[in-house]
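Form predicted alone, single chain, as structure tokens, below.
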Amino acid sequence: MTVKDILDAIQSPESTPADFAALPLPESYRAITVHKDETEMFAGMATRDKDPRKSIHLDEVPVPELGPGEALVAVMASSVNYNSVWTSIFEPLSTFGFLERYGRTNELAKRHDLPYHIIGSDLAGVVLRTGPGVNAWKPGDEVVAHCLSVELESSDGHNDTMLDPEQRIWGFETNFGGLAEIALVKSNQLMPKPAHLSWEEAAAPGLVNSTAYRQLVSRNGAGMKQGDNVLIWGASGGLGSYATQFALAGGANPICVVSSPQKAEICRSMGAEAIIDRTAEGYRFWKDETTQDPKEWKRFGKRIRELTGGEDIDIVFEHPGRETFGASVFVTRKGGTITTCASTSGYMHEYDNRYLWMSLKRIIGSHFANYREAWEANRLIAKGKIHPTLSKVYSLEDTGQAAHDVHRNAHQGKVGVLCLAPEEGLGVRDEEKRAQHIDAINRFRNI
């Protein structure tokens, strides 16, 4: 039995759930990995100079044992997120520490503590096997997976599963991720694949779409409402492009911050009107490494008011971190909200607390999404309310190059990776709905 037999079954319109259940599993499959004995390969190098193409490997690995509440999925396509880049350059620390700690929690978790880490936190594919206790999914189901892995043995996670003490990000803090021909997931990571999308399109939104949904729309995040002025940093990027879509679809007013005319045009094509090209307008929020410039905050705030008819920002969608956080706090209206889910420019934030406490503003930390939030975000994709932002697709063999491009920010939106899928454009089941939304689906392809 080989993975080719699995692919043949997936591509055959006659295949039934019984056929998939009867397929013998192969002994091994191809997967994108980093190696434990190479974690020091970039020691002493600047972050920018670390090259994922040198650390990322395509290996033949054994199929993991299937446990209770789990599923093995044949992965047709995946995508590259920033956590894949961090894993590949071993920053801010090696992910093998995560795997070692997880491996100590119980007997079954020991599977994850290996000398290689199969990475990737998105997938679109077909269920091959389900473990004991799985009733909602069966072999042959076409699925996508979100990346929240939880144990839920503690009471802490039962109001919001993101608060589970054993919460991890699959394919980053666990092994057997999605950049592979087969992946191991918990069954409560699975969601229906949107029928109007191809495999690679369906695999692209997962992590970033769910993250943006919680941060901006959910009551666990900013709880955006109609008419809110929403400042979105990096509005054409992987996260920002979904935040922009959520703001527009929810009746809010996105103020999109970008760094080039090309990225501004992407935002316009999504329907945004208020756009700030921070490069063209020359904002420099830091005078030097240690000193911010409040005059630049004020100039930025004045520009925002020009675009909003004199109004200030209700919600800031923050993820750059250190470079922008002082400005974000300053420009938010009295009683407004700054939500943050990342710190790509540095995690030691500085801001003038007078503008926070005296104006009763709130800072909310937001990390990924719980199952319900991920499901809602995926439902909006399936309904054609929110669209993938896929700009380019790589082969599994070229994942190192894909990660390198993301690391160097030489991409727009999301980049996809074909795993078992032999070519792009496969897996579409609803051609009529696809035809209705084809321009939006291809928006980032036509850049």
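Note that the coordinates shown come from a computational prediction; the quantities given were computed from them, not determined experimentally. A residue's number is simply how far along the shown sequence it sits, counting from 1.
Same protein, other form: the form predicted together with a small molecule, not shown, and the subject of what follows.
Chemist: Taking the small molecule in the predicted bound form, would Trp86, Phe98 and Ile169 all count as contacting it (heavy atom within 4.5 Å)?
Modeler: Contact check passed for all of Trp86, Phe98 and Ile169.
Chemist: Is there a heavy atom of Phe330 no more than 4.5 Å from a heavy atom of the small molecule in the predicted bound form?
Modeler: Because no heavy atom of Phe330 falls inside 4.5 Å of the small molecule in the predicted bound form, the answer is no.
Chemist: Just to confirm, Met348 within 4.5 Å of the small molecule in the predicted bound form by heavy atoms?
Modeler: Outside the cut-off, so no.
Chemist: State yes or no: in the predicted bound form, is some non-hydrogen atom of Pro92 no more than 4.5 angstroms from a non-hydrogen atom of the small molecule?
Modeler: Taking the distances in the predicted bound form, the answer for Pro92 is yes, it comes within 4.5 Å of the small molecule.
Chemist: Given that the partner is absent here, does Tyr116 sit within 4.5 Å of the small molecule in the predicted bound form, heavy atoms only?
Modeler: Taking the distances in the predicted bound form, the answer for Tyr116 is no, it never comes within 4.5 Å of the small molecule.
Chemist: Using heavy atoms only and a 4.5 Å cut-off, determine which of Arg299, Arg305, Arg362, His367 is in contact with the small molecule in the predicted bound form.
Modeler: Residue within 4.5 Å of the partner: His367.
Chemist: Exactly one residue in Ala203, Ala243, Leu207, Val75 has a non-hydrogen atom within 4.5 Å of the small molecule in the predicted bound form; which is it?
Modeler: Exactly one residue meets the criterion: Leu207.
Chemist: Within 4.5 angstroms, counting heavy atoms, which one of the listed stretches 98 to 106, 175 to 183, 126 to 134, 191 to 199 is next to the small molecule in the predicted bound form?
Modeler: Selected stretch: 98 to 106.
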